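Just the one chain here, laid out as structure tokens, in the form predicted on its own.
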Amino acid sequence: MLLQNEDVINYNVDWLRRFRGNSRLVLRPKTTEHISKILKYCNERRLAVVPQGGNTGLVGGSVPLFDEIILSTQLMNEIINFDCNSGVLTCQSGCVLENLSANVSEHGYMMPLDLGSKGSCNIGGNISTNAGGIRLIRFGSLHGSTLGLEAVTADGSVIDCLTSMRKDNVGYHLKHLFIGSEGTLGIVTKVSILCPKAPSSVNLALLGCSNFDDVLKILALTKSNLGEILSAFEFLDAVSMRCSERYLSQKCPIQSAPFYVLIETSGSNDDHDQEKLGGLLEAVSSSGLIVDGTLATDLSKISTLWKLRESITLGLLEDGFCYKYDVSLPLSSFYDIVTLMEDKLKELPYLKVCGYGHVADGNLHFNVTSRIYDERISGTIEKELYKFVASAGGSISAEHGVGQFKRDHMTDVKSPEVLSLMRNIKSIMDPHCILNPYKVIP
């Protein structure tokens, strides 16, 4: 239990320092039973509770709006079991993703998701926001990788769906209610995750392109040529690359270009994988789709190239304030919002507009920077961005969740009937609205 202001202050503020609550109490339970007793007590007294894991979210979903009690799962960090035969990991929800990756790697396996925040994000938070990451193209979302979970609902009831079976077709699949619901229906306490075998052969190509149409052509060729060994396809624009170079004090190893793509393969046979990747690189080069490129086959160089992608967020923050948005868009209009926003913001004191992300699954990370937070910039971005996303048939949240940041924009992309059903589910599972109130549902 934390009560002193100096102890609770960091729990009240989100990672971007955009949202700040005024909670005076942080509870840090170690077991499911502790959480059950806490929620039962709070529910009977109508005390609001905000679940919090690593607090790495970008939409204000894990910090209070007012003085809600913060329930941190950071001390629930036990790895319960890893089955070397099935590859199923069972652990508490407060385990840090990077620690889980290190643990399963000792057994020749890997986690099915990889995030830039892996050193501090918790697996429970990943599941509660249905986090995606760079390898969703290969392993799918957490709705598939999460075999089972345990959660505690508002009245303290423990919902035990912690199966480790890949096939369990008995009744409703209640686990899906908790995956992506951001702690508004219950607090995830334990999870079982299906982990894939770690590859023995990994290759990574960095390519420069002169326009975004060529990025899409390379994506199509990549899917056709690499098939089952494709594990990541990332893109970043020139502004994003320059931010990363500045932050790392490291130059991109290829010729400057308006756009860049990172293509990763993972398999079990070096010769086979390199032959397929080599064929792809020859095809895109002979077609004039790239201006330059490099191939990494050893882990050190692969790590260096990935840092160029993973350091963009920190590089953008060096400008002062970063307005970060995570959306899904059809590939036909994927990058248009970046050029549109440059025009819409031209009279305002912004510094950079850029885009990067998981183009293979339609996920754009759209960013704008300025020296300090400016409400005019924020207002213009949100008006134009969400209008653009809705008209394109996209989603206002691809993988970061809704939280308090995007709650009022849910009506832009969800029908009244869908929102009504969400409210009905919420009222059944949390009739007094004590769990993460003022989030997700408008």
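Just so it is clear, the model here is predicted, and its values are computed rather than measured. Don't overthink the numbering: it's just position in the shown sequence, from 1.
Here the subject shifts to the form predicted together with another copy of the chain, a form of this protein not shown in this document.
Screening 284 to 292, 238 to 246, 167 to 175, 338 to 346 for residues having heavy atoms within 4.5 Å of another copy of the chain in the predicted bound form returns a single hit, 167 to 175.
Residue-level contacts in the predicted bound form: of Ser181, Thr369, Ser93, Ser231, one residue has a heavy atom within 4.5 Å of another copy of the chain, and it is Ser181.
Think of it this way: in the predicted bound form, another copy of the chain has a heavy atom of just one of Gly54, Pro51, Pro29, Gly401 within 4.5 Å, and the residue is Gly401. A residue is said to contact a partner when one of its heavy atoms sits within 4.5 Å of a partner heavy atom; Val413 meets this definition for another copy of the chain in the predicted bound form. Put simply, Ala154 is far from another copy of the chain in the predicted bound form: not one heavy atom of it is within 4.5 Å.
Taking the partner from elsewhere, Ile441 is found to have a heavy atom lying within 4.5 Å of another copy of the chain in the predicted bound form. Another copy of the chain is not drawn, but in the predicted bound form it has no heavy atom within 4.5 Å of Gln74. Not one of Ile69, Ala205 and Lys301 places a heavy atom within 4.5 Å of another copy of the chain in the predicted bound form. Heavy atoms closer than or equal to 4.5 Å to another copy of the chain in the predicted bound form belong, across 288 to 310, to no residue whatsoever.
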